[in-house]
Each structure stands twice: as C-alpha cells, then as structure tokens.
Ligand SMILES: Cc1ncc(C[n+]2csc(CCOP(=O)(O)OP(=O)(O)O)c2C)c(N)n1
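Listed next as structure tokens is one chain, alone, in the form predicted alone.
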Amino acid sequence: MSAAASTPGMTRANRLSIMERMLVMRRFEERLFELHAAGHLRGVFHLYIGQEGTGAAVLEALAADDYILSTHRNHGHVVGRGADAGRAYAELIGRATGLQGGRGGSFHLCDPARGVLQTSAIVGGCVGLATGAAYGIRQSGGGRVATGFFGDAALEEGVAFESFTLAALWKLPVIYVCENNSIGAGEMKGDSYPRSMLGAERLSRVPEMAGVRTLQVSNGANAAEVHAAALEARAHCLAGKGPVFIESPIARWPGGRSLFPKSTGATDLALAWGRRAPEGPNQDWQENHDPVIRWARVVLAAGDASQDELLALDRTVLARNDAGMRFALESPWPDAATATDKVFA
C-alpha cells in the first residue's frame, strides 16, 4: 500500500499543508528557548512540541470560519492556525505589538481574527469555553463548529463533565479534542509531571457517560488518523447530531516531562531519511515518536515532496520565525499610561 493510499480522505495539498503547519508549530516553539535563555520570556510557559501530529491535522480538517479554543499549551494552535509569528512572539515577551497588546502573555495567547477566540490557563477551562462558543453558534444559525483542545487532566475537573452533559442535551456543534500526553510521562517525582489521575480505564468513558459520541485515535502522532477522525467529527456536528469527543494519545516529548520545558535541540529533518539521532535518553522519541519526523516520512513516501523540497520549506518557515523574533524584539513596551486600559475596575 502506498503512503498516499494510507492517508484516506487526503490530497497531496492536505499532506503538504499539514507538513507546513507542523514545521510552523515546531520552529516557533524551538525559537522560544532562545528568547527564554536571553531573559525575554518571563514566568511559566508550556510548549506544544510533540503534539503537532494532532493539532496540525485537526486544524487542517476545520473550515476557516470554525472556532478554536485552547489551553495553556496553546502556541501551536495559534500559529498553526495562521497567526503572525511576529505578533505572537511580541505577545509572549510583553510588547505593545503583541496579539493582545502584551497583556495576555503565554497562557492567554489567542487570535480572534483567525477564529482562535480565547485560551485559558485554568485546567479544563477551555472545555467550558468551547461549549459556550458552540452554544453561540447554534443561537446564531449554525454552519460552523467550535473545537476545544485540552489535555487529559481536564477530565478531572467538574466543568468538563458539566460541559459534556449540556452539549449532549442541546446537541451543540462542538468537537472536544483531548490531547492525552500522559503517555510515557511517568509518575510524579522531583519536578516531573504525573500521569492522569483518573480511575477510568480510558478517558473517553467520561464523555460517554454524558451521552457524547467518542472517537479513539490509536496514535496522536499519526496525522492521517487524526485528520480522518476530525473530518468525521465535524460532519457529525454539522448534521445536528451533537458533540464529539476525540481522544488522541501522545508520547510526551522528553523536554516536556518537567515543570519547565527543557530543550532537546533543534529538530533535524534528516532523521526522516536515515540519519540517526544522537545517542541518549531522547533518541527513541526523536527517531520513532516525533510527529514531525513521522509525517515527513509520509510526505516523502507519497512522492509529495523531495528531501530538498522539505528542507526548502523548513528554511522558509525558519526565516519567517527569525523575522518575527526581530519584529518582536524591536517592538516597544506598552505605554505606562495604558496600564489601566481594558480592566473592569
């Protein structure tokens, strides 16, 4: 079976678009390490590295006017949707030219002009926001869907079950995408993250109890499988049949296993065509689980692009990110006189 035949419902344009989205997400996050090391990025932040196979595939399946709500691991969703890298970087380092004028920072990065309505750093918060957005869609006549991205820990919060129940009762057009990155996370020790604390044998048991249709992806790094599930979920919602929950299990990126992300080095696309990753604890993930490398192999096997063409695409993405970083660093700080703007009291 050819690589193209193993990506049902996809065209060459889809595969290349997903490849570009993945590279945009990955290179944006990698460049953030440079800003952080130079002291420009302050406070806690989380990265989307390792989850691009799910995010890029879902974004590819959505329409341009669909809504997106995200969680604290939100940068990938925002720039993958097409947000300007310069304005995104500017927001993360608190500059006036940022997407939210430097007021939202990492945890609240969004781009309503591209349908990314809001993000919430509160665990489970975007489940309720996505449900509300879907309610708004139904009240305004339908024709689009709301998609909420969140991690496995969101299902430990009461707002998730309450949202699932309301969405099922009212048949709201909402897709819940659970990026279950507890796979390989390990138990809590030192500064590492724990696995999901739910007692359910599988996370989808929770929305199923509320009457939400569920789809289980076997591997969230398999963009073709995720894309197919997202297309099915969107069609279900647009047909007025109610919400869909997609569980996408992801082998956590080694650099994201601690409370603060740790760089594992820049992604080497040549791993997709035979080069070995450096020996060490990250080697297996880089060679076998990295969604960017896995998808590059699919694109190559399908004949969609050559090695040189993939490298050229990567250089273009890197150049846009570099230009964006320069824009952000040259941007002014917000005027102190505006400190009380956009506050309630």
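Just count from 1 along the sequence shown to find any residue number. Everything quoted here is computed from the prediction, not taken from an experiment.
Keep in mind that the form predicted together with the ligand is missing from the display, and what follows is about it.
The ligand in the predicted complex comes within 4.5 Å of no heavy atom belonging to residue 229. In the predicted complex, the ligand lies within 4.5 Å of some heavy atom of residue 181. Among residues of the shown chain, residue 77 is not one whose heavy atoms approach the ligand to within 4.5 Å in the predicted complex.
Taking non-hydrogen atoms only, residue 175 never approaches the ligand to within 4.5 angstroms in the predicted complex.
The candidate stretches are 215-223, 122-130, 93-101, 270-278, and the one lying within 4.5 Å of the ligand in the predicted complex by heavy atoms is 122-130. The contact residue chosen from 252, 87, 234, 81 relative to the ligand in the predicted complex is 252, the criterion being a non-hydrogen atom within 4.5 angstroms. Taking a 4.5 Å heavy atom cutoff to the ligand in the predicted complex, the contact residue among 154, 167, 244, 110 is 154.
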